[in-house]
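Next comes just one chain, in structure tokens: the form predicted on its own.
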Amino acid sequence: MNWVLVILGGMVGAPLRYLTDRAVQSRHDTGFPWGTFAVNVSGSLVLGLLTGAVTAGAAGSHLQLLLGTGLCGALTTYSTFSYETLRLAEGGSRFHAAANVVASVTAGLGAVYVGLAVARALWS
């Protein structure tokens, strides 16, 4: 049963990642990977919120598998972040590569903390 929940979450998360990435990237005419940045930060926020809900007892392990492992696992793409950062650096856009690393890691961690804080405010 657990693997079905993970697959169902992934079936929603993967297309959501693609559509979000394309929608965000089409609005920016720069080499910076805004689409990947957006899905990683939003996925981190959802994961922080979900982790806080599970920790407070407001959500169960099945929801954690469906949304955390399945949906957020397929929505976020830190492997693409790594690839795009390397591509920027190799293409001579070292400033954008460094900015991508600093912004993605800082915003991703910040989003997790915001999600945890919101969950704490809601369920503690």
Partner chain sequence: MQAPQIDGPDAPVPDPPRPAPWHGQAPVVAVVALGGAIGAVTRYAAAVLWPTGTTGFPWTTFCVNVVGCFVIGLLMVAITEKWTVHRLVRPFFGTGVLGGFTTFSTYTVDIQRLIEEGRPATALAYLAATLLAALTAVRLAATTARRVLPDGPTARREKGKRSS
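Numbering follows the first chain given and starts at 1. Remember, it's a predicted structure, so these values are computed and weren't measured experimentally.
Another form exists, predicted together with the partner chain; not displayed. Remarks below refer to it.
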- Message: I'd like to check something about residue 48: if you look in the predicted bound form, is any of its heavy atoms closer than or equal to 4.5 Å to a heavy atom of the partner chain?
- Response: yes
- Query: Using heavy atoms and a 4.5 Å limit, would one call residue 124 a contact residue for the partner chain in the predicted bound form?
  - Reply: no
- Item | 4.5 Å heavy atom contact, residue 59 and the partner chain in the predicted bound form | no
- Decide whether residue 108 counts as a contact residue for the partner chain in the predicted bound form under a heavy atom distance cut-off of 4.5 Å. yes
- Message: Can you list, in sequence order, the residues from 1 to 38 that come within 4.5 Å of the partner chain in the predicted bound form, counting heavy atoms only?
- Response: 2, 3, 6, 7, 10, 11, 14, 15, 17, 18, 19, 22, 23, 26, 27
